[in-house]
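Taking the form predicted on its own, here's one chain by itself in structure tokens.
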Amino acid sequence: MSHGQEVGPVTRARLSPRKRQQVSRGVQYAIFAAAVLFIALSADWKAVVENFADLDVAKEAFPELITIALKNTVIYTLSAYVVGFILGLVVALARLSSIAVYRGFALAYIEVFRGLPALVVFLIFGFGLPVAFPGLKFPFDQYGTVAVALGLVASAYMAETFRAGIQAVPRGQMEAARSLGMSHTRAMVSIVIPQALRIVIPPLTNELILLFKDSSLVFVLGVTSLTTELSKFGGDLATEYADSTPLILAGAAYLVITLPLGYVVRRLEAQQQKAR
């Protein structure tokens, strides 16, 4: 090659961003498929079926899984949700109050019950308070204890949700209501709070899902065969038969409730985003 000969630039084929994304996605799919194939080939499927899908053991879980365990789980969850909803709204209004004492109490309440694990609150209400106050009993016995203990924890989170929803309502709504002669309380109840509730429906539904799972902590109070919930029921049967099938059934029962609720949350969030 002579010194006077020019070497043309080397043309390199470069992938477009879209092509690179397709290649990257294909590699991820291949890795995932390889992992699934490895698990499928290495697993002892006979042992898996015997330990997680034993039909004979599954039959022993019915109908009590539905008529007792699931029913109690729903009762615990809904009762705690009602308590949390009412207390959370009251605490949120106190948090936004112009009176410093109310704001301070609400802030302390929220920080304490958000900071304490739900398990500790259950232990306090189940064992601590009855010792400190002999003869103390909640209405409906254990159902009432769960409703109050779990409801207090939920109310701290709901209070912040309500506060955010109320503050999201334009100030002009309150000013317009006051200009029509409404008192601050009436304007808050009739105008602001209804709008705030529509705004916070998705996070409140998420809180319901969390409460449904947190109801599994009821076991620390010492449940009976008539007050047991899904996790305790599945765990006891799994121990009795030395088989994990009851736990799978209990998990499936949780998903029957939580998956539709999760879908509702996504739909509500999508509708709110479209409305903006």
Partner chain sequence: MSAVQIDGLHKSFGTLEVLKGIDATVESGEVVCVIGPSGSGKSTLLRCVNLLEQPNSGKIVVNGVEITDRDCDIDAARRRVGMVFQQFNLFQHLTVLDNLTIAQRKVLKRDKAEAQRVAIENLEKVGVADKAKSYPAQLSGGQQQRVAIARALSMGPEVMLFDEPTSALDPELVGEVLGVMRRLADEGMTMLVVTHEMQFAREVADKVLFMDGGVVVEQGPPSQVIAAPQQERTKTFLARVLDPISRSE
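Positions refer to the first chain, counted from 1. Computed from a predicted structure; not experimentally measured.
Missing here is the form predicted in complex with the partner chain; even so, the following discussion is about that form.
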Which of 149-157, 74-82, 170-178, 106-114 has heavy atoms within 4.5 Å of the partner chain in the predicted bound form? 170-178
Pick from 182, 86, 96, 197: which has a non-hydrogen atom within 4.5 Å of the partner chain in the predicted bound form? 182
Decide whether residue 204 counts as a contact residue for the partner chain in the predicted bound form under a heavy atom distance cut-off of 4.5 Å. no
Exercise: residue 191 in contact with the partner chain in the predicted bound form, heavy atom 4.5 Å: yes
Does any residue in 215-254 get within 4.5 Å of the partner chain in the predicted bound form, counting heavy atoms only, and if so which ones? none
